[in-house]
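A single chain comes next, written as structure tokens; it is the form predicted alone.
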Amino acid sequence: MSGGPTADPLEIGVTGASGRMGQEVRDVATERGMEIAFAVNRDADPQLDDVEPARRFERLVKETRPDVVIDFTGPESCVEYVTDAAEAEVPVVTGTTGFNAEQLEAIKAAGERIPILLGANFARGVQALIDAVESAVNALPEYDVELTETHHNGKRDAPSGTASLVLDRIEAARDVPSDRVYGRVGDAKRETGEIGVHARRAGDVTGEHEVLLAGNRETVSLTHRAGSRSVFAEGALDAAGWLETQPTGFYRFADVASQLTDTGDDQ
């Protein structure tokens, strides 16, 4: 996918620029020949003299008017960035997760003023995993389901946004109500209709999600592992190039992933 409808390089603003994903987005954008209009971060980083304080975001987004802002921060700061971007009429791609209901409604409301895309996970393989899980649950409706996700020790929200997406699809595929059980301790015999959910935080694991279905003396395991954060940065930049041409509205990464091909042309 190219950076927009013309030959001009995509111009982006980056929030959370000193974070794991912010740095990946900047690196991959540079590799693709994209322009970084500005980069901001909540905390100062003396080693990154091209990153400005987050308090300047409102002024920067209005002055530079990038094609798209890419955000990987936290729920509270994301809502603030999206609100300011909407005032400047600049589209936003955000990979921030962990929103409460009120914050998510604020993000969706921005879609009435600008194109905004929220992606809990920007890996194409995760979209394939979600589709495969839905198919397996439909084919094996009576089997027990357990979901385990593993991330680095600095990840805050649990379960992950991706795990929540997978769980939503599992529940939608079932004809009977299900209960999410987060971990087990003590007398915890499994009940009919449960979906076990387990979150592990350790080391520098980029991201792993496994769905286990078991019954009838057999098990089916579906797993996605991300080998590098660059996978998510590439997907976010693909989403930015796509979003630039879209009308006002609220979008998900699935809207983009369905149109991407694995030909290398989107680099």
Ligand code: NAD
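All of these numbers come straight from a predicted model, not from anything done at the bench. Residue positions are given as counts along the sequence shown, with the first one as 1.
What comes next is about the form predicted together with nicotinamide-adenine-dinucleotide (NAD), which is not displayed.
Taking the partner from the other structure, nicotinamide-adenine-dinucleotide (NAD) in the model of the complex has no heavy atom within 4.5 Å of any heavy atom of Gly13. The shortest heavy atom separation between Ala54 and nicotinamide-adenine-dinucleotide (NAD) in the model of the complex is within 4.5 Å. Using a 4.5 angstroms threshold between heavy atoms, Gly119 counts as touching nicotinamide-adenine-dinucleotide (NAD) in the model of the complex.
In the model of the complex, Trp242 stays away from nicotinamide-adenine-dinucleotide (NAD), with no heavy atom inside 4.5 Å. Contact with nicotinamide-adenine-dinucleotide (NAD) in the model of the complex, defined as a heavy atom within 4.5 Å, is made by all three of Ser18, Ser77 and Thr97. Shown alone, this chain has one stretch from 155-163, 188-196, 83-91, 131-139 that lies within 4.5 Å of nicotinamide-adenine-dinucleotide (NAD) in the model of the complex by heavy atoms: 155-163.
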